[in-house]
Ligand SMILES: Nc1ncnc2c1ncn2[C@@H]1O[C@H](COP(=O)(O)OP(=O)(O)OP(=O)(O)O)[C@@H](O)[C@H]1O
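The chain below stands alone and is given as structure tokens, in the form predicted on its own.
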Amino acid sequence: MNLLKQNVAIDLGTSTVLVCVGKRGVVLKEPSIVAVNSGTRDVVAIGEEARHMIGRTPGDITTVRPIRNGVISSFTITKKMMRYFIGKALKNPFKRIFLPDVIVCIPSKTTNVERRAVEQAVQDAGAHRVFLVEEPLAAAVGAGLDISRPSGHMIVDIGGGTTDIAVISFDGIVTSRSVKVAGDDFDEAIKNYLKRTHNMLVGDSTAEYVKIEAGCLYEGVRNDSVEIHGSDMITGLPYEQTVTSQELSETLIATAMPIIDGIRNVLEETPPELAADIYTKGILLTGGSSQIAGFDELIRKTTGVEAVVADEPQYCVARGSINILNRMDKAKKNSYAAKK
């Protein structure tokens, strides 16, 4: 094995990209945002630098998200973004001579066309070989579950653009759903609530801040308040408003219901033996948006099954992916590549 060749794992999220290298863990976490000159189509900035440009640039500079609901929406921009992130993660230029093997997480219901697009984009970005892993499997491994045994585990991975719900047993997915409701939808719900109730316009960053600091999905679990700044829809002038957890809960719960319905549907499709395991062990929540206060309580109340949030849930998919790739021997990697 060439010791200079490195394994890289990429959690290619709608909102955030996380990159793990070898056994170093997560070495990069940046927004999956690219700033583009709308006239020349040249990339101006990527990641954190591009995020700071949102709402602060001239008219000819636009910020885009090349990943939508876990799917590539702009192949060219995604390729440039991946090349930038891989290069930034592999800081040593000598080691970058040896192209890395890269594993990328994808939603469980990704089509073959979408899978090939991801593989090609990462290959073109500088990978030697590209491996794909479904997000619930990676999340389970990253959360420390032993999925090699014929025992049922239910994973609900709530990201920025999609929520992946899966029952896993014996190193495979038995049944799954991918729901196109996740963290971004909660942000949008908060923005709409502020428009409707307070005649207030806020940006994406402010809505996300409100979600983190005061968001609540089960009444009584949280009683925080937060002061925010925005624009009055009538006068156009800036003003501030205090928002509480209690007033947000109804809107956020309504937004979460498609996820709850997806969990119910997957439970209904689960074989009885595995369903019994899940009722005993509970449901494991991963992904950054699983940290919204009360999400576990809402699931418990609506499904009758206990739910628990994994430790550092936002890192489970990335950490699980690099663990899976690190455990592959040369023969297994070659066999995987030969099947493509």
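Note that the coordinates shown come from a computational prediction; the quantities given were computed from them, not determined experimentally. Heads up: residue numbers just count along the shown sequence, starting at 1.
As for the form predicted together with the named molecule, it is not shown, yet the points below apply to it.
With the partner omitted here, the stretch from 191-199, 205-213, 257-265, 169-177 that lies within 4.5 Å of the named molecule by heavy atoms in the predicted complex is 205-213. Though the named molecule is absent from this view, in the predicted complex it lies within 4.5 Å of a heavy atom of just one residue from I292, L284, V34, I299, which is I292. In the predicted complex, none of the heavy atoms of E134 sits within 4.5 Å of a heavy atom of the named molecule. T303 falls outside the set of residues with a heavy atom inside 4.5 Å of the named molecule in the predicted complex. Interface residue remark: G183 is counted as part of the site for the named molecule in the predicted complex, having a heavy atom within 4.5 Å. Of the heavy atoms in G159, some are within 4.5 Å of the named molecule in the predicted complex. Residues of 301-319 that come within 4.5 Å of the named molecule in the predicted complex, judged by any heavy atom, reduce to Q314 alone.
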